[in-house]
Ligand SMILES: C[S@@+](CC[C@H](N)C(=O)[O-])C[C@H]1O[C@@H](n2cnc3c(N)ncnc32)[C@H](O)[C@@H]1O
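There is one chain below, alone, in structure tokens, taken in the form predicted on its own.
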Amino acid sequence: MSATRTPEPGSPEPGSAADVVRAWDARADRYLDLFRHELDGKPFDRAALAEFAARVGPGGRIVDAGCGPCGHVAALLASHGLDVLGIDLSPRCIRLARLEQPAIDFEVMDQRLITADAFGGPIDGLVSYYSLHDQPKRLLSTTFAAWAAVIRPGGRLLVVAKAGTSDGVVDDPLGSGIRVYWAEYTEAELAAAAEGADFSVDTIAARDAYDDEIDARRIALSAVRT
């Protein structure tokens, strides 16, 4: 799938930060209705997040990058004793997440532009739970580099993504009726981006889609900042 498309006059460049805001502000409420309890039926995902939390350790300061409107990943990580900040480009997602998870902090922030100063110094870990699908694959290495810049040496990274080769504009798989940017990744692409940003990959695990999910394999990459 091609990532190139001439945007309509007045519309943001596909896959840009402004385009992410457009898409997620429009479908945040629908996503919340569909996925606020999704982790209840996903033992693989819960186990990956629990393992990340255990490796970070109680009290670790971590970021849920691209937290979305549910804040459910941030809530699960907080339940394992982590100090969690959820960030998202979409103001609508952040407003909804704050209502859903009032005990957790959420801020409007671009995960590609984050700095350690924004968190009061280097953090202990970062989780990207399906946050890479809205951006062109050519930005993958710079996104990993931005994460590496805010994670302390020895800190942890967990990336969960859908497997595949798509990289372009599609009809929203969530059925919102809008056009959205959609990128998928291979295990090799994720590993190369991690290693290029000074992460050491511990494990890459994969699972098939559950019955109620989009039909694509899921990849979970676990790494440590070197």
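Remember, predicted model here, so these are calculated numbers, not experimental data. Numbers for residues come from their place in the sequence shown, where the first is 1.
The same protein also has a form predicted in complex with the named molecule, omitted here; what follows describes it.
Residues placing heavy atoms within 4.5 Å of the named molecule in the predicted complex fall in a single listed stretch, namely 81-89, out of 116-124, 98-106, 81-89, 149-157. A residue is said to contact a partner when one of its heavy atoms sits within 4.5 Å of a partner heavy atom; L77 fails this definition for the named molecule in the predicted complex, lying far away.
Interface residue remark: C67 is counted as part of the site for the named molecule in the predicted complex, having a heavy atom within 4.5 Å. In the predicted complex, the named molecule lies farther than 4.5 Å from every heavy atom of K137. Contact check for F144: every heavy atom lies farther than 4.5 Å from the named molecule in the predicted complex. A single residue from the set D172, E38, E51, E184 has any heavy atom within 4.5 angstroms of the named molecule in the predicted complex; that residue is E38. Applying a 4.5 Å heavy atom cutoff to the named molecule in the predicted complex picks out S90, C93, M109, D110, Q111, R112 from 90-112, in order along the sequence.
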